[in-house]
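Coming up is one lone chain in structure tokens, specifically the form predicted on its own.
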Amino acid sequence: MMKLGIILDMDGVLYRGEEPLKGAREAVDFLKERGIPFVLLTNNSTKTPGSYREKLLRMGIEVSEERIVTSGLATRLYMEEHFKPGKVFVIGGEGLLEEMKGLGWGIVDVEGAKEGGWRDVEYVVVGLDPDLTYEKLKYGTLAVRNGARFIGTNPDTTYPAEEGLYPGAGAIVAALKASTGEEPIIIGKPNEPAYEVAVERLRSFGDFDEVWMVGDRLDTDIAFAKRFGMKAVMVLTGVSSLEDVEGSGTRPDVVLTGIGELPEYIEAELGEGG
């Protein structure tokens, strides 16, 4: 009998902004009750896994911090493995800043950059930044043009919130690409660094033969699933719509109205004795 592992996106799948989506708590509880290994993988780097755990708790969704993987966490782990220590300039939220501080390599902030510290920066790391300023873009540009490595947490140009779609990290990364002419290393979905971290975490919660990726975006979640041989399950509560699917070359394996339909779909696929 097939052993299933599940990677769940968060924004647009479990919630929009601070509002939980219908059936999110029940779906997570179902996975726990059935003993199905699962992790939550978000391209949003504005919070740490601990902060996301607290956010989910406020919505009645209880998961351990170890089950939560952010693009910020994946970025830190990638940098630890692949790069030598060097000073970092961060364009991003508090979660990404905390991950970069966790490297222990030293952070150059805007004030330090104003005093010429941008010349010492070896890594410019860019994520979603709710407090983006021209100064951050300016010193990020100067550092990259001076030879610093350009790293983006994720490519999402938007993310779903209560009022609609807000600008995402990809929009900020695009600004730096335009001003530097440099292509960044992108860590999050649909790229390999995010996959490696998520699957390693997933294995820590149990064995599996097949992995399903449940997400709301064709260009990240569904492309991610297709790239790494996972079953692509798309929900319609986030960014991409049925019309988007019809006009795209990236097709999910199944489309659900929302996360609340996931338990019934799993039961149908695995059978009552699964």
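Keep in mind that what you see is a predicted model, and the values were worked out from it rather than measured. Numbering starts at 1 and runs along the sequence shown.
Omitted from view is the form predicted together with a further copy of the same chain, to which the following refers.
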property	result
Contact of Tyr166 with a further copy of the same chain in the model of the complex (heavy atom, 4.5 Å)	yes
Arg145, heavy atom within 4.5 angstroms of a further copy of the same chain in the model of the complex	yes
Val124, heavy atom within 4.5 angstroms of a further copy of the same chain in the model of the complex	no
Contact flag, Leu77 vs a further copy of the same chain in the model of the complex, heavy atom cut 4.5 Å	no
All of Asp129, Ala171 and Ala175 with a heavy atom within 4.5 Å of a further copy of the same chain in the model of the complex	yes
Stretch in contact in the model of the complex with a further copy of the same chain, which is absent here, among 188 to 196, 133 to 141, 77 to 85, 92 to 100 (heavy atoms within 4.5 Å)	133 to 141
